[in-house]
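Only one chain is included here, represented as structure tokens and corresponding to the form predicted on its own.
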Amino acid sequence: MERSEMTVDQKREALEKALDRTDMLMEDFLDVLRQDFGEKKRNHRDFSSAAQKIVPDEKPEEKPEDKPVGKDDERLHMSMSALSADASGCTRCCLCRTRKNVVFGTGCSDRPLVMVIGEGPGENEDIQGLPFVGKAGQYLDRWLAAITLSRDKNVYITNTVKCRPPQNRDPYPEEKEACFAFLKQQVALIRPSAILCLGKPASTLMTGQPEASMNALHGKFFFYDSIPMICTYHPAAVLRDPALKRPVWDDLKKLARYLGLETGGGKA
């Protein structure tokens, strides 16, 4: 349609969309300017969402990873089946003493659109051996459906640790350290188009910012091993505090926009 043939309403809608994109861009740069530019945090400044809007095919310079895993860890050379088998008998941390089942991961493992990374298995997950199958998992499925994603078709779901921490506490640093090679190799083998981190333990681990709050991390794009990654609140946290629904929905819409997905499934 020629611009002269557009109706007044169509012109107004086009102008509103253009202004929305401009506002989003300015918000991204203001977020960057507000960050602490001290030496310790310099490697984690978040320019990626803004850069994606300006030069979509451009990637920020990769920084050396500071992750708790040695390059000679044998798990980093395993196939997915071998990795899963190794996890099933793992005794690398104390969580092996209280688990019922190892919860390795589930969903599409052949280059899915999104890899979801949570904290650790809960009671239902420990019983069934599958991640996110309790109330928080059912809520997560609603989030995914709202942006046309599904664990059955285009999502892979796992956790930072593969065994349930007692009383569903956050995983301890040494537990995440012992389990990280599993997660690192899962990412390397699955190669998702994007990563969605749920909750503080997963978000701080994957961004390399152990002292950061979820308020500081959520809704921002980072890169992990060249893969775009966004953090948001854990479904269990939102079930406890409904006020978090709005920021989660905003974060999911950002992820959907990046992946070119529809958001017609209703709010999460």
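Since the model is a prediction, treat every value here as computed from it, not as a measurement. All residue numbers refer to positions in the sequence shown, first residue = 1.
Here the subject shifts to the form predicted in complex with a small molecule, a form of this protein not shown in this document.
- Partner proximity in the predicted complex, defined as non-hydrogen atoms within 4.5 angstroms of the small molecule, places exactly one of 174-182, 129-137, 187-195, 91-99 at the interface: 129-137.
- Interface residue remark: Gly107 is not counted as part of the site for the small molecule in the predicted complex, having no heavy atom within 4.5 Å.
- Within 4.5 Å of some heavy atom of the small molecule in the predicted complex lies at least one heavy atom of His234.
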